[in-house]
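The data below hold one chain only, encoded as structure tokens and taken in the form predicted alone.
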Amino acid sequence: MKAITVTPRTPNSLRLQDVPVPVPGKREVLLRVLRIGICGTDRDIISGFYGEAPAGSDYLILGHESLCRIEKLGPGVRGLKIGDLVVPTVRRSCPENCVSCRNHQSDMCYTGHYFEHGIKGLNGFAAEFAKSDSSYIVKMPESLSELGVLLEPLTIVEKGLLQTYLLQKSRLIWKPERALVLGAGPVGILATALLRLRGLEVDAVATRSKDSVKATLVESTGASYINSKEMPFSSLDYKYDFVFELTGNASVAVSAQDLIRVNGIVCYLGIYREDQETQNVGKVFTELVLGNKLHFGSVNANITYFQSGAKDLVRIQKKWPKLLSSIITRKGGPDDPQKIYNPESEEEIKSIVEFSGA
């Protein structure tokens, strides 16, 4: 079968490769891949920044954002049938089966020895077929047969939002009214929609102009779009109840703490280069203490966030019928990986690779 692969930690090793069709074992399913999404994580792996092949293999099949149909059931699979439209989750439990992993929270793994499809120790879904443990499969409604590939990006903010509410409501009387989203890529636009579904006033900040596609999509949800080149962070005078930081830029992340009000909270969802400069840490810590403020990081999502995200995708689709389809700005086949994995324009938001018709 065709698969898009890399040699991990080897820059620019992206290629289309013929590999064996996987065979599902006990409680596993064989998936016919319909489409996969491309994100910054994939591009970081392609650049050699990180990535880990499965044990005994010299290549890693890319792809952690996917939409599939079940092709074959392995022994012992229950609750699924051939032809089901599904999305597999990304992370799998560590070999030690730590307390988080054995309680279905592999996204909170204590050992760090977890596996992630298409990223760390497990082949991904950028292939004609893939396999997955059936207990990590989420069934999707047929109404999302084109757009369910956006579920995995949505789960990142599903988790961030739930964790935000859990943290805040456990420590104070919290009635948030206004939120800030830093970044207006696919996850930023989905975060904006999710927050608007919750009834919050939302500002989204990015570097594109006010007439860009990203700005238009943000404003279609009833949120406000701010071009940071025209209105720098220092000029934002509203103190937000909470902030989603999605840019992966350390200087922007540090600025986020200046934008929350007393008792506010910042959720960091980016990956930050460690050699980037930051500001005076004494000021940061002092404001955290005096303002009863809270900062936390969040990564990956367990199956509960995929399940809630599937419901929210349906809600988003009903409320803003053109939003999800407009996030997908480019489609291509797997035959020319170099082309599809490289952005073609500044207006590009989400590219997907199509392996099969729905």
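This structure is a prediction, so every number in the text was calculated from the model and none was measured. Residue numbers run from 1 along the displayed sequence.
Below: the form predicted in complex with beta-D-glucopyranose (BGC), not depicted.
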- Message: On the criterion of a non-hydrogen atom at 4.5 angstroms or closer, are Thr41, Val90 and Glu116 all touching beta-D-glucopyranose (BGC) in the predicted bound form?
- Response: yes
- Note on the structure: The stretch from 24 to 32, 309 to 317, 292 to 300, 325 to 333 that lies within 4.5 Å of beta-D-glucopyranose (BGC) in the predicted bound form, judged by heavy atoms, is 292 to 300
- Determine whether any heavy atom of Val243 comes within 4.5 Å of a heavy atom of beta-D-glucopyranose (BGC) in the predicted bound form, and answer yes or no. no
- Closest heavy atom of Tyr50 to beta-D-glucopyranose (BGC) in the predicted bound form, within 4.5 Å or not? yes
- beta-D-glucopyranose (BGC) contact at Ala253 in the predicted bound form, heavy atom, 4.5 Å: no
- Item | Distance check, Ile156 to beta-D-glucopyranose (BGC) in the predicted bound form, heavy atom within 4.5 Å | yes
